[in-house]
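So this first bit is one chain, no partners, the form predicted on its own, shown in C-alpha cells.
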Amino acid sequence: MTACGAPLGGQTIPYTKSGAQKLILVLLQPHAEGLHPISRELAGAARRLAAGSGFKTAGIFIGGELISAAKAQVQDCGLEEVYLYLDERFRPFIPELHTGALLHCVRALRPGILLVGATPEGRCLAPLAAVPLETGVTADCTELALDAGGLLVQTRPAFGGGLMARIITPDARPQIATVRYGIFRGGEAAGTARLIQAETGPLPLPRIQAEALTAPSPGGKEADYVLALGGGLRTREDIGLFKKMAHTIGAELMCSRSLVERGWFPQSLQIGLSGRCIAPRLLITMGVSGSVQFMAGVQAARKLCALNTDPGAPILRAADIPLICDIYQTAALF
C-alpha cells in the first residue's frame, strides 16, 4: 500500500456511501502476549457479516513490531488481508500517531465499515478517527448485522436499558462500531490472511512524548463457573452465605450493577456493559432480574441457570434452566 498522495496524519477527506468500498476493516490490537482477544472476536464478526453480502474483509495492525506470537495470530484470524503499520514510534500508544496510521489506512482503502475493540486504546482511536472523517461511532454494540440495503445495523442498549436501539449510518462512511471483549465469539478462522507492509512515509511529530506504556492485558483465565448475585440480596452481611455456596461448587462470585451501586461489591466484579463481559461454561444467577445491560454481558455464557422468586423476571425467560425458588433457602443447602 502506498502513501496515497498524503503523509501519515495529513488531512483526511470525508467520503460518503457512494465513495465507499464494500470492505469491512478491523482494527487488530496488540498487547503483551501477542494479539488482543477482542481482535479475533471482531475478525469473526467481520467474516459473518461478509458472508454472502459481497463485502471483503481486511485488518490493520499498528505496533512497534510483529512478534512471532502476534504474527501467527494475525495470519490465522481469518481476514483476507492485514495491513501492517510497524515502526518503533508505534510501540507506546500515542493517540496522535496511532490515529494518523488508522486514518492513512482508511484513506487508502475507503472501507464501508470499521470495527474497533472497546479497549482503552480503541475507545480513544474510534472517535479521534471519526471526527476528521465526519462520521459517527456507535459504542459498545451488542449486535451487528447488515440490512437488505447493506447498511450496518448497530444494536446497543439505550435510555438506561429501557430499550434496544438499532442505529444506522445512512450516508457518512465508514460506519464505525466499537464492541467490548466477550460480546462475540471468534469462531474458527477461515483461511490465512495476506500480510501487507504499509508505506507510511514520514511520521508527524506528536505534541506529547510517551516514554513507556504497557497495553493492559484482557485478564487471566476466566472462571468456568460463575455465581452472580443481584438486587434480590437483602443485606451486605448475607454475602457470606452465597460466598460459601460459590466456594463449595467451585464458582467465582460476581454481581449485577445494583450491588456495586450499593457499595457491597467492587466494580471489578460487576457483570454487564458497564462491568465485565464473561463467557463461563455455567452461569448461575441468584436474585438477578435480567436487565438489558446485564444480559449483554453474558451473551457468551454456554449455560445459564437463573434462580428468582419473581415468575415475571426477564432473566427466567432467557435462562436455559429457569428456577422459581427462594435464593436464601437454596444457598442454605450448601
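The structure displayed is predicted, hence computed values, not measured ones. Just so we're on the same page, rigid core means the largest C-alpha set that superposes within 1.5 Å between forms. Numbering starts at 1 and runs along the sequence shown.
Beyond what is shown, the protein has a form predicted together with a small molecule; the following relates to that form.
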Query raised in the report: All three of G122, T142 and I183 touching the small molecule in the predicted bound form at 4.5 Å, heavy atom to heavy atom?
Result: no
Report task. Report whether the minimum heavy atom distance between G287 and the small molecule in the predicted bound form is within 4.5 Å. Result -> yes
Query - Exercise: A313 in contact with the small molecule in the predicted bound form, heavy atom 4.5 Å - result: yes
Query raised in the report: Using heavy atoms and a 4.5 Å limit, would one call R107 a contact residue for the small molecule in the predicted bound form?
Result: no
**Report entry** Proximity of S256 to the small molecule in the predicted bound form, heavy atoms at 4.5 Å
**Finding:** yes
Report summary line: Of L273, A45, V298, A70, the only residue with a heavy atom within 4.5 Å of the small molecule in the predicted bound form is L273
Report summary line: Assert contact residue (the small molecule, in the predicted bound form, non-hydrogen atom within 4.5 Å, options G100, P157, G112, G230) equals G230
Query raised in the report: Looking at 34-42, 62-70, 287-295, 47-55, which lies within 4.5 angstroms of the small molecule in the predicted bound form, counting heavy atoms?
Result: 287-295
**Report entry** Core-superposed comparison between the shown form and the other one, E261 Cα displacement 2 Å or beyond
**Finding:** yes
